[in-house]
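What follows is a single chain, given as C-alpha cells, in the form predicted on its own.
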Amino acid sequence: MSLADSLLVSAFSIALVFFVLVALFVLIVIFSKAFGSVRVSSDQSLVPEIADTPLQSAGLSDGTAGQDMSLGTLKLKNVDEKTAAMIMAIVSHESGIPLSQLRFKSIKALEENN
C-alpha cells in the first residue's frame, strides 16, 4: 500500500467517524424535541410550578395549608439532611400523624456520655 492509498483510507475513516457523530447528534436533537413535547395529562406535572407569593408557596392563599407543604424553617444542629428526613419520617409514622401536619423547629444530635 502506497503513501497516497494510506492517506486516502485515513481521510475516509476520519470522514466516516465525523459523519456518524453528526448523525448521532441529529438523532439526539430529534428525540429530545419529540419527547420534550410530551406532557403529563394528570394534575401532577414533571416541572414544578413556582409560586408568585410566599403565601401561595405555603398553600395559604385560600386560607388552608397545603397537603405536602411545611411551614417555617428547620434548624439542624450536628445532623445532616438525610438523617433529619429519616427522623421526621419515623416520627410521622410512629405517631400516625401525616408529615404535612407536623412542624419541626429543630433537630439536634445528642452526645452520648459513657
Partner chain sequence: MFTEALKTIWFDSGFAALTWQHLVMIAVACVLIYLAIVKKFEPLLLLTIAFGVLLANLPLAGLMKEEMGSETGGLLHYLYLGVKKGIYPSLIFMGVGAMTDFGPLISRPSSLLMGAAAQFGIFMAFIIANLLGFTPQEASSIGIIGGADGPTAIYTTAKLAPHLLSAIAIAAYSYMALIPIIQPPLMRLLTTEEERKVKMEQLREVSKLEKICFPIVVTIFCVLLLPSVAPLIGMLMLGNLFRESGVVERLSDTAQNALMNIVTIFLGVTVGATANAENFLRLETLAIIALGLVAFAFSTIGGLLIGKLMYKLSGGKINPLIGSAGVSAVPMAARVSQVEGQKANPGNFLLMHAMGPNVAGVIGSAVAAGILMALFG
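Positions refer to the first chain, counted from 1. A quick note: this is a predicted structure, and the numbers were derived from the prediction, not measured.
There is also a form predicted together with the partner chain; it is not shown, and the following applies to it.
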Query raised in the report: Even though the partner chain is not shown here, does S10 get within 4.5 Å of it in the predicted complex, heavy atoms only?
Result: yes
Query raised in the report: If you check in the predicted complex, is A89 within 4.5 Å of the partner chain, heavy atoms only?
Result: no
Query raised in the report: Is the gap between H93 and the partner chain in the predicted complex 4.5 Å or less for some heavy atom pair?
Result: yes
Query - Non-hydrogen atom contact M1 with the partner chain in the predicted complex at 4.5 angstroms - result: yes
Query raised in the report: Using a 4.5 Å cut-off on heavy atoms, which residues of 13-33 contact the partner chain in the predicted complex?
Result: S13, I14, L16, V17, F18, F19, V20, L21, V22, A23, L24, F25, L27, I28, V29, F31, S32
